[in-house]
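Next up: just one chain, as structure tokens, the form predicted on its own.
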Amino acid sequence: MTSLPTIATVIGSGTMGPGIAATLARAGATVRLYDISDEAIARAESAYGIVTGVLEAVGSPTVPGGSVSFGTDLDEALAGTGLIIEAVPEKLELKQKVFADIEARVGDDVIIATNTSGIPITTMAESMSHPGRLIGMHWSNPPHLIPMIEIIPGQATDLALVDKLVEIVKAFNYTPVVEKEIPGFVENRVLYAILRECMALLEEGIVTPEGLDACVKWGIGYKLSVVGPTRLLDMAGLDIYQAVSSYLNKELDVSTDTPQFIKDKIAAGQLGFKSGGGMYEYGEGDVDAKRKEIITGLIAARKTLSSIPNV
């Protein structure tokens, strides 16, 4: 059985880098978190302190020997590493440059995993000297709290690497989900299908944002957090699904573009938390309070769900 590599490297310290690094370190790995500037590293160190506190609160087990170091020297970050996780911004050209820099510094046997949320693995690998070593490893955000990882091989990926990465993910007690390559991968495709219908209902004035959130949180999310969609069909009955879907599917939104009211909000600078207003308005201190509420809720939900057998 494959164990977690002794040394792992996370390239990119943005939104997810500190959480990924902390998760691996907690499982016993020596982790090096790399970014290109001292400012980015300083932010990552600050975020890492918060992340470790969250992992303590969730009761994540600790394997002795794990650690995280932060730096801007790529050679130092890659020396002796067995697993590289690329987590730079979602720009194809940037990722391909990063892969070229990595390949020039590591042996052919080192795994290069990308945390892309949708860029095809096959496309990213086209410029690589050894495309068989690249594989998708999509963490869900926040990565230190959501214990599921999508594993996506590209057309050139060495299939033995899939099994190896599955065992690595299991080694830090996350659930690996192996998928075929498809735009957006499985999690985001399902999420965006839900969001498309939600935005259509808002645009048509069928429900308020508050009502929509309550309906999805308690009517859908509560059930699906315990019973997955295919098990839910078995529970309800496939005949019932056929009866409802035969008329309801025709009524569901099939838009292929972003709703106009979302475009209008963006044009007005209403981007959500980052701008102090989006679907909701936020007063002074509201965004920080909401972030804290969300993390507290995710901690409680993970503790509860971890105690329930897979259904």
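Note that residue numbering follows the sequence shown and begins at 1. Note that the coordinates shown come from a computational prediction; the quantities given were computed from them, not determined experimentally.
Note that the form predicted in complex with a small molecule isn't included here; everything after this is about it.
- Although the partner is absent here, residue 241 lies well away from the small molecule in the predicted bound form, with no heavy atom inside 4.5 Å.
- Put simply, residue 195 is close to the small molecule in the predicted bound form: some heavy atom of it is within 4.5 Å.
- The small molecule is not shown here, but in the predicted bound form it comes within 4.5 Å of a heavy atom of residue 138.
- The closest non-hydrogen atom of residue 117 lies within 4.5 Å of the small molecule in the predicted bound form.
- Scanning 155, 173, 123, 188 against the small molecule in the predicted bound form with a 4.5 Å heavy atom cut-off leaves one residue, 188.
- Checking 138 to 146, 164 to 172, 104 to 112, 215 to 223 against the small molecule in the predicted bound form, the stretch whose residues place heavy atoms within 4.5 Å of it is 138 to 146.
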